[in-house]
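Encoded as structure tokens, the following chain is the form predicted alone, with no partner shown.
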Amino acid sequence: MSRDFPGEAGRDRLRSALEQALAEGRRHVNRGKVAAYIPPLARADPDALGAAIALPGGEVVAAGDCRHPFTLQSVSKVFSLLLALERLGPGAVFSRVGMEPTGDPFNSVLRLELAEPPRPLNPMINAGAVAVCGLLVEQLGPGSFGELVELVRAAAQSGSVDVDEEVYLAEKETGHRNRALAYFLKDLGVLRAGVEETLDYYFRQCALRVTCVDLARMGLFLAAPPGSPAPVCRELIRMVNAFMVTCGMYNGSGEFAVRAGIPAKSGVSGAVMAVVPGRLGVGVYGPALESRGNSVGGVELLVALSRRLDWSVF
């Protein structure tokens, strides 16, 4: 067990806190709606809610609908950013995207016209993630997607993480706003790779299929507990955690930072990956979303857990 939850008593305390937080989250799921604009996501059960907590040493505590597979969607942005930082360096990455949060929706075009210099404000919004994917395609080739998959598999400690072909094809068919963003980036000179090659990379990363347990272990990877192996430079992990705090929950990031106080990244499948730096990782699935694209039940579950177990980094 981790230093936070040693022995059987600690395990029971953690499981009890998770069950209570799950019950709290379920009280709120009826306030949300599933992402209907991607047909496979529209079939998700809006009442589903599950979570897992991954601890150093390999133990996982899970509850609710934690075995249901789902796609990473925007959670994947964390790992393409990490890959780009590792392989190309911060200088190359931040020549194409900024480091500032935005109060606009995650798929907004507006800031691309207003920003100076003209580039996406951060890598967690869609325009920024497309720019990062374009940089990977430009510098490493489309074959670098295999590197991304291997990074996610290593973080999840699972060789079964792979692209959900149905979701990928649906995103490719319906991703009109992302295609508009990519062409706008091309016009600005931020995107120098081919638009369709870049979008193919982006749609595939969003369609990577995981479970709550996979997602919790990915969070643990980014928590980088003392003594754990660090296949990626810890300074780069620190950077991506900072982006999750400031930009990871779309334009609800500030509110989540105040209420929960931990780095987290959400996706419109209902995925939320949370990190308690130096300690543990959490994976949540709750497909009923609020208007900003965050899991309603997942947010309330994480807020409840953080408050019960004193996880806030602030």
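A residue's number is simply how far along the shown sequence it sits, counting from 1. Computed from a predicted model, the values in this text were never measured in an experiment.
This protein has a second form, the form predicted in complex with glutamic acid, left out of what is shown; the following refers to that one.
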| item | value |
| --- | --- |
| Contacting member of 50, 263, 281, 267, with respect to glutamic acid in the predicted complex [4.5 Å, heavy atom] | 267 |
| Residue among 211, 102, 241, 126 with a heavy atom within 4.5 Å of glutamic acid in the predicted complex | 126 |
| Candidate stretches 170-178, 89-97, 211-219, 226-234 - the one whose heavy atoms come within 4.5 Å of glutamic acid in the predicted complex | 170-178 |
| Residue 206, heavy atom within 4.5 angstroms of glutamic acid in the predicted complex | yes |
| Residue 285, heavy atom within 4.5 angstroms of glutamic acid in the predicted complex | no |
| Interface membership of residue 202, glutamic acid in the predicted complex, 4.5 Å heavy atom rule | yes |
| Contact of residue 44 with glutamic acid in the predicted complex (heavy atom, 4.5 Å) | no |
| Members of 28-55 lying within 4.5 angstroms of glutamic acid, judged by heavy atom, in the predicted complex | 37, 38 |
